[in-house]
Ligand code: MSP
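This document opens with one chain alone, in structure tokens, the form predicted on its own.
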Amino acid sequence: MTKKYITTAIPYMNGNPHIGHAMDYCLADVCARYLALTGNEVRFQAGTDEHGSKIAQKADELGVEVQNFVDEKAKTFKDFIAKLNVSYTDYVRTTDEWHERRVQEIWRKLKDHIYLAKYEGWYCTGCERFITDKEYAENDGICPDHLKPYEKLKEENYYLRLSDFKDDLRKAIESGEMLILPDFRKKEILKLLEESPDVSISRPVTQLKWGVPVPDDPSQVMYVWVDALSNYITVLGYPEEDISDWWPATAQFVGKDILRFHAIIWPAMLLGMGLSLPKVLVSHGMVLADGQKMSKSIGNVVDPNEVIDKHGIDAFRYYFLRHIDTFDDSDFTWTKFEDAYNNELANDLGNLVQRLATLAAKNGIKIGNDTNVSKLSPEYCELMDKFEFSKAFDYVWEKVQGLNKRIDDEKPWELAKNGETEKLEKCLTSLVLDLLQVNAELSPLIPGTSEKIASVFAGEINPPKTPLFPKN
């Protein structure tokens, strides 16, 4: 049994769970379930990023203790992950005592690549990062994501010397030692790497108090990079434990907006610690609303909870895993969602299960639900191994539609009417076995529905008393 490790980007605690978080969790969950299905032992990390000035400011605004604030937020996110039916095995909060202790040891391991210097330049509070003069000029001094002017700062910080790692990192990216998906993102990262300055990894306590203290310097607090990015290995026990069974990560799932930090700063830290780079960085695109970026100011934000509460988690997973491209920006509208729900989930899959189970039960067909991994088709496995989850879903759905067509073409009800018992049994048994093979391939994608289908056809076949996906 091969050990595999899957990670998700830990969300920042100053807001509520959104579609981007849901995409991270769902994509990673599909990967973890598929790897387990194919006989691997899987660890799957999730967690929350709980330090930083924005969090402290938000707690102040609400008049609550900052630890109480993040405790409540962490619960909200953990409940959200559970709602998505995500199968994580390890959970980390950056305020966990063991995480803070291990992060300080990581800082010490990086000390030969860290130096103290004065900084004068631009900073975005919303992004919690420093801005180069070039980026400032390109954006006319205003953050395009938060629509607020950059601040001018003058302070003394610790820096990670990225220049120590650029050559090795470039080679790792170009050779595919650290594979960046999709491929066009690799070119973007190589260009950014060339332009990247050394990165600030601390803030003075006069500017930021809510964070992990820098070892041996009480005047400084660790900035987000060393603190938050390290979670992927602190949750495994590093540096107190040997993590070689699990690291390097099989795949790390991140949104395209934070890929630069995971493809440049994080690998630089790993190289500085003498650790291997992650095998694959999977970068997913944005979910658009009616062709526009979701924005509170525009008022077009889609709440994932609203989608789930209306139609259930597997309807959510179906749309956002099949109709939202794994790698590229894709569009969501309620019209598109309702069409997919009624015409695909309800008509194609729900109707297939209902009528095949009814025909099989009526004609005394009995068959165990054997979802042996050998039944996974090579074409499906190839797509899943390449993290092409939306294409894999399309591939499986063609089989669903094909089974519906076979029922229409083979007309088992006519075989029953004509008394062709042997032919009828062979027809229905073949259809049920093929559906179970399809169901095995659906199991990483819509696991709850897959379990229901498996129970329908296990032993005595019992047609669902209510539709799998009731139509609106």
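Residue positions are given as counts along the sequence shown, with the first one as 1. It should be emphasised that the depicted structure is a prediction, and the values quoted were computed from it without experimental measurement.
Only in words, not in the display: the form predicted together with this ligand, which the text now covers.
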**Q.** Distance check, L153 to this ligand in the predicted bound form, heavy atom within 4.5 Å
**A.** no
Q) At the 4.5 Å heavy atom threshold, is W210 in contact with this ligand in the predicted bound form? A) no
Q: Answer yes if any heavy atom of M273 is within 4.5 Å of a heavy atom of this ligand in the predicted bound form; otherwise answer no.
A: no
Q) Any of the heavy atoms of S202 lying within 4.5 Å of this ligand in the predicted bound form? A) no
Q: Heavy atom within 4.5 Å of this ligand in the predicted bound form: which of C124, V221, V400, V287 fits that? Just give me the one.
A: V287
Q | Selected contact from R322, K73, R93, H262, since only one has a non-hydrogen atom within 4.5 angstroms of this ligand in the predicted bound form | A | H262
**Q.** Which of 308 to 316, 227 to 235, 183 to 191, 346 to 354 lines the interface with this ligand in the predicted bound form (heavy atom within 4.5 Å)
**A.** 227 to 235
Q) For the stretch 15 to 29, which residues lie within 4.5 Å of this ligand in the predicted bound form by non-hydrogen atom distance? A) H18, G20, H21, M23, D24
